[in-house]
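Quick heads-up: it's one chain on its own, the form predicted on its own, in structure tokens.
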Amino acid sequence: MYAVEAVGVWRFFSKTPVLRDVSFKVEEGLVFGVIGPNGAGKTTLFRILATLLKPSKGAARVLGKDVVGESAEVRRLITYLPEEAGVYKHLSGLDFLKMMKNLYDVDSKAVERGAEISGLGRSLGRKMGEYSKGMRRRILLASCLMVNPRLSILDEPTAGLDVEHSVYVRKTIKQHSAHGTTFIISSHNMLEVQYLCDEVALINRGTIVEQGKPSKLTSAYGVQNLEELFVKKTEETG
């Protein structure tokens, strides 16, 4: 069984296609990167997988469950962290983790796991309105992973973060992937993608134009890194 399987997915807004016949598969346990320029359709794809949008045509399944017909079951298996996710500024970090534990109805040790994942220590007692952007991202990531999802969808997990917090987020993703969590992530940082991802799909103008392991793709196209491949393929398909 695949963690994610999309077959011929289209999504229109009015009459404009944002996703065009998107098909791909993600094996369980991988960190899978979806990369592409702004407006390529990454966030729309993520929202469909997270059951927040319905495909206009085609089908998508998450861990064998249809994202439309079995959306409630899908939501119990996944977590989703949007790029612009905010925090409850008047809640402390600890109270936020407790709230998420109750929302997901998971075991009593989830809050302890979340606190450890966040790495925020005593700052968990502070209101999240006082947190830096990096601290907010870490508590949000912790809330996604403390419930032990089988799939976690992360849209630009390190966008706008300084080096310290970016490294922490990447390290956390690597650790949880090693223990079996499947990740689908997007990032404009190609070095980050090359470090984190077992496989990548390059999407441009709503269409997947290439997919595979980063090392095999760079070798096949005779480029030094994913950044050069990104530029090459977006120019070809622009």
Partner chain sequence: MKLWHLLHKEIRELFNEKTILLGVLLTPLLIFPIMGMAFTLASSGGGGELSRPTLLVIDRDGGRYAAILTEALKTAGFRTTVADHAERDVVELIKEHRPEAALVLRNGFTLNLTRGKTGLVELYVLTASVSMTELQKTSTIQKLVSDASAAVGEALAAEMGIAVSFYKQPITVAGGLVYRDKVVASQEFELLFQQYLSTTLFVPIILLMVVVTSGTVAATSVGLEKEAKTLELLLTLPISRLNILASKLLGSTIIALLGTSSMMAGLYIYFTGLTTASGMNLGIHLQPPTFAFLAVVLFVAMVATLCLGILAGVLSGDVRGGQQLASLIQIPLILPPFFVLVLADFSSIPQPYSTILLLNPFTHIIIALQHINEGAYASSIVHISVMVLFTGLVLALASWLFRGERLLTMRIRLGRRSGGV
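Keep in mind that what you see is a predicted model, and the values were worked out from it rather than measured. We call the rigid core whatever largest set of C-alpha positions still superposes within 1.5 Å between the two forms. Residue numbers count along the first chain shown, from 1.
Same protein, other form: the form predicted in complex with the partner chain, not shown, and the subject of what follows.
In summary, among the residues Arg47, Arg205, His188, Lys57, the only one with a non-hydrogen atom within 4.5 Å of the partner chain in the predicted bound form is Arg47.
Residue contact check for Glu84: one or more of its heavy atoms lie within 4.5 Å of the partner chain in the predicted bound form. For the chain shown alone, Leu53 is a contact residue for the partner chain in the predicted bound form, at least one non-hydrogen atom being within 4.5 angstroms.
When the partner chain is considered in the predicted bound form, Glu112 lies well away from it, no heavy atom lying within 4.5 Å. When the partner chain is considered in the predicted bound form, Glu116 lies well away from it, no heavy atom lying within 4.5 Å.
For a residue to qualify, one of its non-hydrogen atoms must sit within 4.5 Å of the partner chain in the predicted bound form; all three of Arg75, Leu91 and Leu103 qualify. For the stretch 112-139, the set of residues having any non-hydrogen atom within 4.5 angstroms of the partner chain in the predicted bound form comprises only Lys127. In the core-superposed comparison between this form and the one not shown, the C-alpha atom of Glu164 has shifted by less than 2 angstroms.
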